[in-house]
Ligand code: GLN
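A single chain comes next, written as structure tokens; it is the form predicted alone.
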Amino acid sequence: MPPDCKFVFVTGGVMSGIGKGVVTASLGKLFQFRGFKVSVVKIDPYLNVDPGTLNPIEHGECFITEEVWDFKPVIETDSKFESDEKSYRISEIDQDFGTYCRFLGIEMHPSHNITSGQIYLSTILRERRGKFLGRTVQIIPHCTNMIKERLLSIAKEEDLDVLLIECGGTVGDLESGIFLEAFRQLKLELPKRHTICVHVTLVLYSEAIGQQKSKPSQHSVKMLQSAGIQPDVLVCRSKKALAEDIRNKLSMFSSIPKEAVISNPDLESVYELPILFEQQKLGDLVCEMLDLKAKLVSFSKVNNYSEWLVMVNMFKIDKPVIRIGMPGKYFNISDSYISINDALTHAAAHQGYKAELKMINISEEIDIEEQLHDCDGILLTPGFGVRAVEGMIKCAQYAMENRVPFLGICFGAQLFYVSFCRKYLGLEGANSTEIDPDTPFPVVDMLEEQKNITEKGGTMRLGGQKIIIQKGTKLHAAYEKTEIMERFRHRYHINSNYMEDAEKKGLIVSSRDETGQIINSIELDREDHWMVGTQFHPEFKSRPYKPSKCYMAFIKACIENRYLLRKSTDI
């Protein structure tokens, strides 16, 4: 372990979903403002090895990393079976990593997402391979030691000044107990002023009496203390700024200095939070707690305070609205498409507009025309499975017939192709074999490399892949390059067997993979209609200070369409 690396443990209380990820990323930003090299680890207490097989409605989106990690549960063993060790491909990680990357401007390795599944699987397989011969294998110390090894290894290998570790869920959850215990042990084992705990809690507002109430937060702190951890900083999530009397009460009953009780109210843009923290002197406070002295460095736009403030103000000022229709299957929670939402927001803000996202939860009964008629553009979302597919295909057809700017992402691109083949090639019943295995026209089919795969976790075409762009296409105009790297997550792809006929009817293959065998994007050959489908996910590389070029081109087309719509209405 590098002797100067400091560790910031971020825990949560009262309820999940209160923004620990944004708090963690904002804390990392405070350290970056002072010239420190930081990174983040996210701990998820569920038993899945990674979130790749979780339902977006339950868990939110999967964030995809550029690199694919071969996770090997059995390591550092004397077992003769080590050469036969099975590995698990991980590129699908928790959605909070998207927040970390967008705030901090760094790329993270998939090993930074630690799940209970990884820890327990590794422990059991190591025991079976003879790693613990003669010993009773227990959660403490064997599982907790493994957690500590993972954290210390990341800090050492990446030569970090500060490693932030966010623990998913809430204090008191049975599943997160081993991770809190590992935190407690590290606080004991590391030198003084090398660790702090930041506890994020919810301060509720009672409408009946018109007051903020501190009691749930007090109980949350007591549960953390019962796990052997005294929080050093309390970040209080609330609708409005923390009332002074509530700050005093939380300070007294939680044994936390008043200046370390931090207000975290609702904000117009999440990117404001580091600025709000600085206004409360949180950056100076945590650096003092960790005995860190600010470094004199040449700042970049990513970690310069004044540049960040300029960027934040760009997202806050009043702007004309651009309305984007987003037909999809997973709108039961807002986090299902969070990277797409942010990519649209970034691209609109950089062109002087505010993106208004119209989430359309597709069902068989929904009136597509009624839902889309007031939209300046349509983004057809990613997804899997049969439910609501016909409605999404009709959305692509609506875009073609009405010349509405359109961007289809992954599944959305595939359904765009299905719609085109039905409408312009006359292939009635054309479909993806994922949706209809018996379709007479499998215009979307499983990748050849996927056909003999039986395991579902980590086996898709994943991670960053080189893309070869065709000159003269809308995609080439967007990127201004013939080679790019973007991220993928799919088993099915556009079937090239039907492409010759499709090209005669006005469809273009705008990019392929290096072999030329896999179609990575398609678009309509119309000068007056921007309609593009990408098998890849450009949203994962969009940043608030550097929007995705694909999304920038889409929003530009939407703005032009908005102008034409308004002009025709005026007439």
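Counting begins at 1, following the sequence as shown. Treat the numbers as computed from the prediction; the structure is a model and nothing was measured.
Separately, the form predicted in complex with this ligand exists; it is not shown, and the next lines address it.
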At the 4.5 Å heavy atom threshold, is P274 in contact with this ligand in the model of the complex? no
Taking heavy atoms and a 4.5 Å cut-off, does I262 contact this ligand in the model of the complex? no
Is there a heavy atom of H537 lying 4.5 Å or less from a heavy atom of this ligand in the model of the complex? yes
Taking this ligand as it sits in the model of the complex, is E434 near enough to touch it, meaning that at least one heavy atom pair lies within 4.5 angstroms? yes
R237, H112, K474, H490 - the one with a heavy atom within 4.5 Å of this ligand in the model of the complex: H490
Please identify the residue among C410, I322, I360, L164 with any heavy atom within 4.5 Å of this ligand in the model of the complex. C410
What stretch, of 410-418, 284-292, 129-137, 251-259, brings heavy atoms to within 4.5 Å of this ligand in the model of the complex? 410-418
